[in-house]
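Single chain ahead, written as structure tokens, the form predicted alone.
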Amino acid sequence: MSITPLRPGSADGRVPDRDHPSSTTATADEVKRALERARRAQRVWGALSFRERARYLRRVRKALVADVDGMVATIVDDTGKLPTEALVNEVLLVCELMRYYERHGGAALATRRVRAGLLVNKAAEVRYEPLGVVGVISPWNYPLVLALGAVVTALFAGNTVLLKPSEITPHVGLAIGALFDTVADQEDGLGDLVQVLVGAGSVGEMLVRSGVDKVSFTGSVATGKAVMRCAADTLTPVLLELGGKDPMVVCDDANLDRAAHAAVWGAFTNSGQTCMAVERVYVTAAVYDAFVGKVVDATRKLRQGSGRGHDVGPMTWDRQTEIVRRHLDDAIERGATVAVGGKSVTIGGRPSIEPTVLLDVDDSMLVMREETFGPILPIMEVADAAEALTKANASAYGLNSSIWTRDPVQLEQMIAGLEDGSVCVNDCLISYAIPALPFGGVKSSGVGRAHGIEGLREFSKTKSVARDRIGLRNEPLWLPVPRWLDRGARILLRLRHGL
């Protein structure tokens, strides 16, 4: 079974033709040897206290900041995105995540005492221990934060990592490996904390089947299912973040100026290549016209181009641009109206699409059903908030959503009713930027959670420990069965659970 990526991937399986001495596809033997080295390093790393691991990873964070310009340049070169997007949405976000774990990870992974219930003569506790070696398969749209974020979470939990970056953006992955090399002292046994395996889907498959103790994958639903099928052969646990079709619900009492500017940012930042981008907008009839007018005006003012001084950069990958174009053409053929944008353009040598606002859309259109992953913002008029909620949930995806209302009662009803892993209130996308919040989806948007306490524990194995406190010669439940046990149990049952 081949793991052939849809979002991250190339037709012939080769690394993009860039001049880098390490840009060669990893072989099965190299994956095997990398796993062996990772296991040796993990025995050293996992034996360290959390404070010692945090101190080491703080050095990695400082090294990243010290060479921030180099990392931003690598991201821009691989993706074409704007330098400020690379700085803020990648470097800054991953540094914030690392800082959060440095400060709070120790408490999250500390041994936790729990009550023993009826067994008052027992002590009970829960421990969180490293899994071992984690395989991380990361995408091209945010090649630093989505790769390094998973890598450092696994490391804080005491694991070592084999990283397979997207073949579309391999040099960011290699830069992550080099970052750890600058900190590592080969004499301390930690030179192989993070090893980078470059290649296409076949390398990802080898990694999943290699015997790692968990796989973290970010990418398309189809590839995520293939990863899960491969992992099932060895019962390897998986963490899957598989994208979304995130809805935005604008109610009668919304702050329209704020909501409109948020919609433009949420749909077009990173040229729409964001798993939690605003991909559907449902606006109640009472404010539909006013909202659309504000969105169209804001979109017309956007500056699209390469480099600093622009608001929207190019798309990264020509195959993704083709998907966006197909969604746009399908919508137009089915009756949608282009309010602004809609043209194919070339920016910095990369085929792209103008930031586009679509009106008169309906549920039959691809742009309202499938993940577009590009700079398209379809807006649909609905009768009321109830209809908006119904349509928002009528999707196979369930990653993130946003609600725009000032009515606290309506707000709580919609938060409870939305079938998503994250909900933003009078804001969008921002939940990912809060390190303490777990991030992940429901339905086809994924399995498991990243970030927060839940993220650390995703890369830990939970061990339950029960111990005797008194040392009785015989316990009531041991054999032979005491004559009084049946009657005593009935009395206890009535006292504790009787009506």
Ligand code: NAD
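Just count from 1 along the sequence shown to find any residue number. Worth saying up front: this structure is predicted, and the values here are computed from it rather than measured.
The same protein also exists as the form predicted together with nicotinamide-adenine-dinucleotide; that form is not shown, yet it is the one meant from here on.
Engineer: Using a 4.5 Å heavy atom cut-off, are 141, 373 and 439 all in contact with nicotinamide-adenine-dinucleotide in the predicted bound form?
Structural biologist: So, yes: the whole triplet contacts nicotinamide-adenine-dinucleotide.
Engineer: Please tell me whether any heavy atom belonging to residue 205 falls inside 4.5 Å of a heavy atom of nicotinamide-adenine-dinucleotide, as the geometry stands in the predicted bound form.
Structural biologist: Judged by the heavy-atom cut-off of 4.5 Å, residue 205 is in contact with nicotinamide-adenine-dinucleotide in the predicted bound form.
Engineer: I'd like to know whether residue 220 contacts nicotinamide-adenine-dinucleotide in the predicted bound form, with contact meaning heavy atoms within 4.5 angstroms.
Structural biologist: Residue 220 belongs to the contact set for nicotinamide-adenine-dinucleotide.
Engineer: Does nicotinamide-adenine-dinucleotide come within 4.5 Å of any heavy atom of residue 130 in the predicted bound form?
Structural biologist: Looking in the predicted bound form, residue contacts with nicotinamide-adenine-dinucleotide do not include residue 130, since no heavy atom lies within 4.5 Å.
Engineer: Report whether the minimum heavy atom distance between residue 164 and nicotinamide-adenine-dinucleotide in the predicted bound form is within 4.5 Å.
Structural biologist: Flag for residue 164 set to yes.
Engineer: Which is the contacting stretch out of 308-316, 197-205, 349-357, 291-299, given heavy atoms within 4.5 Å of nicotinamide-adenine-dinucleotide in the predicted bound form?
Structural biologist: In the other structure, the partner sits against 197-205.
Engineer: Looking at 399, 157, 331, 278 here, can you tell me which has any non-hydrogen atom within 4.5 angstroms of nicotinamide-adenine-dinucleotide in the predicted bound form?
Structural biologist: Here the answer is residue option 399.
Engineer: Only one of 227, 150, 283, 97 gets a heavy atom within 4.5 Å of nicotinamide-adenine-dinucleotide in the predicted bound form. Which one?
Structural biologist: Only one option qualifies, and that one is 227.
Engineer: Could you list the residues in 327-365 that come within 4.5 Å of nicotinamide-adenine-dinucleotide in the predicted bound form, counting only heavy atoms and keeping sequence order?
Structural biologist: Sequence-ordered list is empty.
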